[in-house]
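The structure tokens that follow cover one protein chain in two forms, given apart as structure 1 and structure 2.
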Structure 1
Amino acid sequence: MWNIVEAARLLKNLDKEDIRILMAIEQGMKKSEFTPIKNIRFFSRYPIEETLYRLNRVHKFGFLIRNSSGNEIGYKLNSMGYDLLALHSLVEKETISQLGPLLGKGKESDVYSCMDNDENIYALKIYRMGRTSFKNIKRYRNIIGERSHMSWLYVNRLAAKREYETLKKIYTLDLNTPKPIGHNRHIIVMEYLRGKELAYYKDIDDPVYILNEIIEQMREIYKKGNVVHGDLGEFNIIADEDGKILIIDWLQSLPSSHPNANIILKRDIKNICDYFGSKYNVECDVEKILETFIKEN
């Protein structure tokens, strides 16, 4: 369950040869569910003795699933193996140097804090789709197509890439969206705001100000970034004690040119209006706000 914590701990005990074996297995998994030993050897370019020694080691560490039911023995990465490879790359690139505690559990991801060498703290989001939610899996089914044997790896990698690309794009607008720091495989690293979701505040000082701030930002992102959030609500906005906000969770975002963009945009605005309306009695007219988005665009 705490795969990534275990992976981060074990990373320190692994040799570069162990990593190379895991990467060889990963490479083979593009073609088939299990990578046969001869292919692991081929991709790693190690002699057979070294290959077998390393395989045995990483298997004992718990990164692999072994299959001996066919006519040749093969291995695949389990999710901890995949976590390990992603962490390893992020550490190599010096994007991060340490994993911190769990910050939050989403529907389809776990989010941890992490640190780089200069002790900057970031949020690390690790995609775990297929665990509880099937909503998005449906969306990706057409992309996965025939490659069903690698669906989890692929879907999660794709999700991370997609959210990262969106973060990169909207970050240029200089608003309250997380600065993208780095990504690898199914993990993204981004700016962290120490606070909690709006939903968990019993009361806030100036709800009208916060609401306007959110709406204005969504409008700029729509108009200048051509992006609609798609899952806006009190759980995807972090606020700190000073009233600073961070609009997170951009996986569901879509381009404003998408045929459904305006329906989704309306839903986003309605979610926010409903929340501020019922909790803080703030007046919020969805249609009026929507007009300011569509007009003069």
Structure 2
Amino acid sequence: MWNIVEAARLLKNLDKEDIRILMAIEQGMKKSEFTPIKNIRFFSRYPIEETLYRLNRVHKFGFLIRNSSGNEIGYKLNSMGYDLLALHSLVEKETISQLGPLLGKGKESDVYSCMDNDENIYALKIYRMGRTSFKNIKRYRNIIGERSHMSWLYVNRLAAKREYETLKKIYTLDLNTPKPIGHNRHIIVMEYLRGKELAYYKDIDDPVYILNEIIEQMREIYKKGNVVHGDLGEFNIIADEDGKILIIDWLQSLPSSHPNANIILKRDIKNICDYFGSKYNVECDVEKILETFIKEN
């Protein structure tokens, strides 16, 4: 079971030489699933005795998968090993200093609280798309292109990079969106999000107002940021007690110039209208709302 908390706990027990061995294995995984010992020695630049000693250490800690079925023994990082390398880099850059409790668990990611050296509290999002199957790979075509297979570690890395770049772009629009703080490998660090997902509210005092706020934010992001969310629903819209809303989870986003952008945009609008219609009896005209997005754009 993947456990970033265990990786964070073990990080302080590792030597810099152990980290270097893990990074050498990661380097070798760019070309093959398992990195042979001779390549680990080459990338780490350690003598064979030191290489074997360090491999034994990090393997016992539980960061590696060992393969001895071929002509030579090889190793690859498991998810906890990948977690550890990402955490190590974020700590080294002083982006974070401590990992806090789990805040939320989704199909594709987990979110933890974290803190930096100045005791600023952030949200740490770690991609976990290996929970799903490659049978669902079509969902991630916009991330991986036409590759038929690749390591889930690398898929998660691409996903985090994609969302981080989108968050940076949206943040410049001054829409009360979370500030992206940093990212490494499959982890994003951002400002802590107050409030909770729409899906978890039993009732809202003024649902028409909240719906209008959502539509307005979508419109601003579309017109000024040239971005369509692509997977919008009640589980990725956060509302706080003051009625401020925040759209999250931009993994499936696409530029407004994309050939299917207006089709996807209409689907996003319909998802939100359907939710408010079924739960709060709020009526809205999807076609008219769509017109306000695309005219003069």
Ligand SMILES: Nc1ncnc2c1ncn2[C@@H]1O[C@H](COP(=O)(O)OP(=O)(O)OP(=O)(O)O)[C@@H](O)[C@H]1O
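Just so we're on the same page, rigid core means the largest C-alpha set that superposes within 1.5 Å between forms. Keep in mind it's a predicted model, so treat the numbers as computed, not measured. Please note that residue numbering is based on structure 1, beginning with 1 at the start of its sequence.
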Practice problem: Of structures 1 and 2, select the one representing the form predicted alone. | Solution: 2
Quiz item: Does K244 count as moved between structure 1 and structure 2, where moved means a C-alpha shift of 2 angstroms or more after fitting the rigid core?
Solution: yes
Quiz item: Against the rigid core, is the Cα displacement of L102 between structure 1 and structure 2 at least 2 Å?
Solution: no
Practice problem: Spell out whether the Cα of L14 moves at least 2 Å between structure 1 and structure 2 when the two forms are superposed on their rigid core. | Solution: no
Self-check item: Rigid core superposed, the C-alpha shift at V282 between structure 1 and structure 2 in Å
Solution: 3.0
